[in-house]
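First comes one chain, alone, set out as structure tokens in the form predicted on its own.
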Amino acid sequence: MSASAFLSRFDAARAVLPGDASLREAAAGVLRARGLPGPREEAWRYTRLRPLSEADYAMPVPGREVSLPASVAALDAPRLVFVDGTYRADLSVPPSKAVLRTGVPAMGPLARPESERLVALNTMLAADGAELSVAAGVDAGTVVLVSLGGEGVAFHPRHAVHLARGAKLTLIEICAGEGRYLHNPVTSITVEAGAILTHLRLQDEGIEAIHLSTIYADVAEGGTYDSFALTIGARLARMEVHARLGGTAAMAHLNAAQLLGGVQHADFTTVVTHDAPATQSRQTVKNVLTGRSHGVFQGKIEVSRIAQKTDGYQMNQALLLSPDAEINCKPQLEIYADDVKCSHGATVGALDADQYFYLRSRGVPAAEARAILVRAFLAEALDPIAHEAGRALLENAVAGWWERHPA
């Protein structure tokens, strides 16, 4: 769908959309003036939205019958289930240690529809979402946020997570579905002083789906935003994270892995802004590519003049298992302080021939030898995940992907 098609949908539905109408009108104005992102823009140089323009999506019909994936049912934790962007109370188990609000999009101040057009699209058409709040000093345990998509629809959920001073939460986000659809979520995250949010994401959308997600995280003094995102699904995927470290000793870990096959395209784009002294960020992104797949990593570390003693690290590594696979990597540092420790790096290669030969010489079958080496490559990214159930979920997803792409 084109920007004009989305605008026509907004014109037809504006009377029934909840929330602040003025914010929606302003977002629509951005799309009318600038349209959807295109390859002439530097941030979208490697990712084109052609599959989106070639499709035509309908509005979701509430009440569709679905079954929860086995991976969700196996998690013993409160869960919030959205089907085609609509909250389903019949499939959900609300948390007892966090306050949940649904039904009205949370359009907080962090998101910037005037600069990110996909956020403008979400702001214009969002019809539902979850707003999750954890009170000061409360350990809310684990909450699972599930999104299930279905054939031929487009949905734009709007979520918000707020951790008050000293609060803790582990949020496990699972995106799955079947068929051809568009999932365009926006999430605003606020981590107050001393609070800790662990955010584990599994993007396992339908293989014909499009996943375009944007996260804004604002971390105060001594707070931590610790995230890991695994991409294995969707024909076209882009995960964009904007993290601002606004208080002294704030921390952000934006780690990820992209496992792609066939003609999949996935883009992991991050912007980490250090806006206070002694802040720390870590980014380790692993890519395993087969077939004619295409991976993208764009990571930018911005250090403001006030952010002395900043410690920023960024590493992207790609393992190409096919001569037709492709990776584009663009790490960036923009530093205005003079007392910092920042570094970035990137490596691209194939399986280590000596290691592969060693395993084969010990009688290990070829497919198993490749699997062992790929899992070892991914271990650096997965091993730091302390949440046992979350790590098991991601490890099982990796194992399932490898069974589908053994070559």
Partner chain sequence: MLEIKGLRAGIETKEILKGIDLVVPDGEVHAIMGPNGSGKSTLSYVLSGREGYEVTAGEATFDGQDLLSIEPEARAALGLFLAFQYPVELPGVNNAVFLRTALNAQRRSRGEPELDAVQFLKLARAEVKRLSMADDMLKRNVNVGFSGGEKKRNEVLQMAILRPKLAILDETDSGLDIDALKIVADGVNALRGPNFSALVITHYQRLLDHIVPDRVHVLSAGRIVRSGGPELAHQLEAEGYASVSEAA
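Computed from a predicted model, the values in this text were never measured in an experiment. Residue numbers count along the first chain shown, from 1.
If you look for the form predicted together with its partner chain, you will not find it shown, but the lines that follow are about it.
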The unique member of Arg360, Arg45, Arg64, Arg32 whose heavy atoms fall within 4.5 Å of its partner chain in the model of the complex = Arg360
Looking at Ala26, Ala381, Leu373, Ala55, which has any heavy atom no more than 4.5 Å from its partner chain in the model of the complex?
-> Leu373
Contact of Glu41 with its partner chain in the model of the complex (heavy atom, 4.5 Å) | no
Does at least one non-hydrogen atom of Leu68 fall within 4.5 angstroms of its partner chain in the model of the complex?
-> no
Val364: touches its partner chain in the model of the complex, heavy atom cutoff 4.5 angstroms | yes
